[in-house]
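Just the one chain here, the form predicted on its own, laid out as structure tokens.
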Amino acid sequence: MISLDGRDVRVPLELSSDVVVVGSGPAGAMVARTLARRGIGVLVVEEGPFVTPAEMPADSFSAMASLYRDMGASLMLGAPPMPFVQGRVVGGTSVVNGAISWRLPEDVHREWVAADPALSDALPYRELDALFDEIEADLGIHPTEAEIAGPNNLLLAKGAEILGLEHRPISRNVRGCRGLGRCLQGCPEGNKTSMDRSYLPDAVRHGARIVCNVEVTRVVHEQGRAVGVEGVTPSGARVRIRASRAVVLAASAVQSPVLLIRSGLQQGPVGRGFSAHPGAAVAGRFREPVRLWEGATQGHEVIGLRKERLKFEALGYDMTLVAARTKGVGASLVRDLEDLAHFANWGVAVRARAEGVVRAGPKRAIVTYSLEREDLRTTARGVKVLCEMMLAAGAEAVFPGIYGWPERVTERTALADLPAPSDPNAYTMAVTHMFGTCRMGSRPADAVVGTDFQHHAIEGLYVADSSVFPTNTGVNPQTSILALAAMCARHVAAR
């Protein structure tokens, strides 16, 4: 599937195509596939390697080293400091995510239109809905079957049901899933319809080319028009790729704004307006084995508090990662390891109100992002609900993970009067979904790209990833990214 591997390039190289797409995740894959199917020449450039299902690592640490950016530990500077997770591989983060698939909620779409009425015509929900139908059919998106869910997911369903919270099996982009619990390391059987298994091969069948292991360092623009990109291989060889028609950035809400800034393109609020879904997790010990590394990695969700900006999910990890998170040493560590099979792990994603900034550092992106006081209260509320659901489902003890709260809780009544700490550093959190740093909008002063996804100042330069989203969405964004990227590709094709 790969036309060129940058590891084989040690001298300067020049390439050309009608359209150059930077990034091979959901946005880049959808743009490439849509254009290639229309007979337009497409060259996709990916910074990471191409990895086959048989090569997917079995353990999390090997996967983080080979498939993730910065070993999955890129860090946001702020209060609290939070790691953020991005794939760095052909197929992007779709290769290493939980395959969770949500349509853009209509209430979020209404927010966007209320803030900028021009988005009503640019992103009509009826058209998005039709695209969602196509995407779900293409990728086999369907609810997780009970027979492959595993105890970690089924216990979450039980706890939510007892508390009267709306819940459901997670709809995932998979075909033939056997519940191996390997989503976060890349499916070893290729049963997750990630971009490397779906839209990218289809794009290649229609003539697209994929270049891997080449880091794009700059967008080349002349007289107000994008004409290509420049990049570098692992050996330091320079690669220049000419684009006769357009350049499309699909490198993420962190990497796309950095690429614009490094290219001298600082029109509008580029890098500003960063938003995200910070998440916290709770562990609970059950009398019966849970073995959270088996079954669907993320197969059940609780959506009954979405209006409170909270969404809950089961979280599956492989045994090595679970073991690494134990606190004990010596004999205590041995006891913890022997007990691993009895722990469940669930998470809450917060639709945070905070906004941050992405800047271009000397070697990598610098993300500055601090939660607002209201976000902290929302997080504390979410952690309490997680604990309550676990105890309702039969957990002998839960471990909230908030400094200042009891380390171990065995009764729901013990949670009632716990205050939400005002110190952000009391919370242990991480971020997976990021948005907003190249926002779409009709007003150049307030947006980086227009309602046609084209840069306000540079002709032929488009942005197709979640950086164009006006806000975060409160739900997993992959399906929304795919739909908006399809719309972007249609504008590129019409040039």
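Quick caveat: nothing in here was measured; it's all calculated off a predicted structure. Each residue number is its position in the shown sequence, starting from 1.
Although it is not shown, the form predicted in complex with a small molecule is what the next lines describe.
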Thinking of 35, 104 and 135 as one candidate spot, does the small molecule come within 4.5 Å of a heavy atom in every one of them in the model of the complex?
no
Using heavy atoms only and a 4.5 Å cut-off, determine which of 200, 260, 250, 358 is in contact with the small molecule in the model of the complex.
250
Which listed residue (290, 184, 409, 393) meets the criterion of a heavy atom within 4.5 Å of the small molecule in the model of the complex?
184
Residues in which of 211 to 219, 368 to 376, 107 to 115, 278 to 286 have heavy atoms within 4.5 Å of the small molecule in the model of the complex?
211 to 219
Is it the case that residue 433, even though its partner is missing from this view, gets within 4.5 Å of the small molecule in the model of the complex, heavy atoms only?
yes
Contact test in the model of the complex: residue 271 vs the small molecule, heavy atoms, 4.5 Å
no
Classify residue 233 as contacting or not contacting the small molecule in the model of the complex by the rule of any non-hydrogen atom within 4.5 angstroms, answering yes or no.
no
Check residue 477 for me: does it contact the small molecule in the model of the complex (non-hydrogen atoms, 4.5 angstroms)?
yes
